[in-house]
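Presented as structure tokens, the chain that follows is alone, the form predicted alone.
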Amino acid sequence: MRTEALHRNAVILAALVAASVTACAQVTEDQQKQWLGTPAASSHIGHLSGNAKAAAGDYRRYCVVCHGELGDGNGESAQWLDPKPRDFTLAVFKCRSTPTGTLPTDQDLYETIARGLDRSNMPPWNTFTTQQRADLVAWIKHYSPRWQTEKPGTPIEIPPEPEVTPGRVKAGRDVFARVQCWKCHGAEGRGNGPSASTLQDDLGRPILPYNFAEGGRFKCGSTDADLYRIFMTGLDGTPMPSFADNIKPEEAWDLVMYLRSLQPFPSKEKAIAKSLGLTPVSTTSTGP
């Protein structure tokens, strides 16, 4: 059941990226200029409304060197960067609150600009005003035809975080084994699983799985809710799928707690795992 669901998600995402690449290969600068004047080239974040044209100067000053004039990720510095800058013409984003394969919300893009992407050259742009960030969200949206025909997905619901207990930490270890997180992230969460060296993003570029034992912020946030969201939405454009069809909400919370126990800093989850004597999952079978 799990294999079929993950295969289905992979097929859907591959088709989405292929369609996006085909569509965007035909996009011209003139078309992008036309989209600049459409309602889609705007943003709404809370009480803020962003205007794409107002962000032109900021984009050219701070963003074009990586993301390029056409937003295709081919800026002057892109050839030296790893990971590569986001190609806005595809409108495929890792950090979203929306289901896999769907467009992110304006809030998602707004938060990514402010937060930056850890372990990349995308810094936290917390020097921008809230209005500048809202305008940049609108500017990003004028690059892709997807924003002209699609609406953002409906954000997933994140249930209240349950209390950390020994039973939940142990159950999270069982989920880690069952859905085979270890194949990419390794038995101890060190990002050294048997598939790690073979992973590629949807454009065929090498990509590394997250190393929980190294600590640090996740690609799309730092809280338990952020980690939960990553499981359930997946990181589109990467091998990290959505597990929304494979694990229940309570199991996702269990997994959050177990993964916290693999991180290097002190935590209740880590203390519980030590007291239980939890050992790394078996990599010779799908069981714990």
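Remember, it's a predicted structure, so these values are computed and weren't measured experimentally. Just count from 1 along the sequence shown to find any residue number.
There is another form of this protein, the form predicted together with a small molecule, and it is not shown here; the text below is about that form.
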Only one of 190 to 198, 176 to 184, 157 to 165, 94 to 102 has residues with a heavy atom within 4.5 Å of the small molecule in the predicted complex, and that stretch is 94 to 102
Should Ile140 be counted as a contact of the small molecule in the predicted complex, where contact means heavy atoms within 4.5 Å?
-> yes
Would you check, heavy atoms only and a 4.5 Å threshold, whether Gly216 touches the small molecule in the predicted complex?
-> no
Distance check, Lys84 to the small molecule in the predicted complex, heavy atom within 4.5 Å | yes
Mark Pro152 yes when one of its heavy atoms lies within 4.5 Å of a heavy atom of the small molecule in the predicted complex, and no otherwise.
-> no
Which one of Asn74, Asn121, Gln148, Thr130 is close to the small molecule in the predicted complex, taking close to mean a heavy atom within 4.5 Å?
-> Asn121
